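Here you get one chain, nothing else, as structure tokens; it is the form predicted on its own.
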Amino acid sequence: MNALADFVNTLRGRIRGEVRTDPMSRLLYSTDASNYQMTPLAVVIPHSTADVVDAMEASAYYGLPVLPRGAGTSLAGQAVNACVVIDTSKHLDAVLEVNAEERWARIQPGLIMDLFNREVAPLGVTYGPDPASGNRATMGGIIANNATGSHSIVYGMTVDHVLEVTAVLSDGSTATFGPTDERTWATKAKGNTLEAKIYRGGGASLTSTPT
């Protein structure tokens, strides 16, 4: 069997979410808000963060490129490619925690910006950078694109409001990135993990094996 078929069979046996390879699903994910069109190899709709980890690990093992996707509001083709698309907008869309006193929130990447603002509005806070697509754009995509908006002169860009990001890396490992002093940086740069290589500025060595 080829790598894609092996990937699909492996992942379907491991995750709670969906693994789609039917022509209709691939066609639906072949376009975004741009003029570009590229048909993905498969579409994964994870039910949990664990599903994302499994999808990334299996993709690395079988040598398949991956593209995370939210609402597909990208204007320059960022949300389409011949790859495994991982769509976080269906299930990974929650506000996990809000600290109104310290003015921060912990959210999942598939959360739509306007829904986030609606939820925190009673606390007297809002997320400032407001792209025109905010009624459908997901926060993961907003962070990935460093989105701005009509109020960016007042509130700045997305990068000015991100305290830290917990990411699933290309080999399926996880890492949290945020403000780091020199001592912590030096500690994180030690070892042979992908996170350590990122801190050292090196490339990735993908050697993970599905279990």
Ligand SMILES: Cc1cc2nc3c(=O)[nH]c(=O)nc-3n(C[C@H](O)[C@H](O)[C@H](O)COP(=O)(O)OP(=O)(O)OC[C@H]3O[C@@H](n4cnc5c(N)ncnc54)[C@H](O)[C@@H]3O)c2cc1C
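This is a predicted model, so every value here is computed, not measured. The first residue of the sequence shown is number 1, and the count goes up from there.
In what follows, reference is made to the form predicted in complex with the ligand, a form of this protein that is not presented.
Although the partner is absent here, Ala105 lies well away from the ligand in the model of the complex, with no heavy atom inside 4.5 Å.
Shown alone here, Val84 lies farther than 4.5 Å from the ligand in the model of the complex, counting heavy atoms only. In the model of the complex, Pro131 approaches the ligand with a heavy atom inside 4.5 Å. Of the heavy atoms in Gly149, some are within 4.5 Å of the ligand in the model of the complex.
Proximity to the ligand in the model of the complex, taken as a non-hydrogen atom within 4.5 angstroms, holds for one residue of Ala144, Ala175, Val43, Val53, which is Ala144. Candidate site formed by Ala33, Leu67 and Leu75: every one of these residues places a non-hydrogen atom within 4.5 angstroms of the ligand in the model of the complex.
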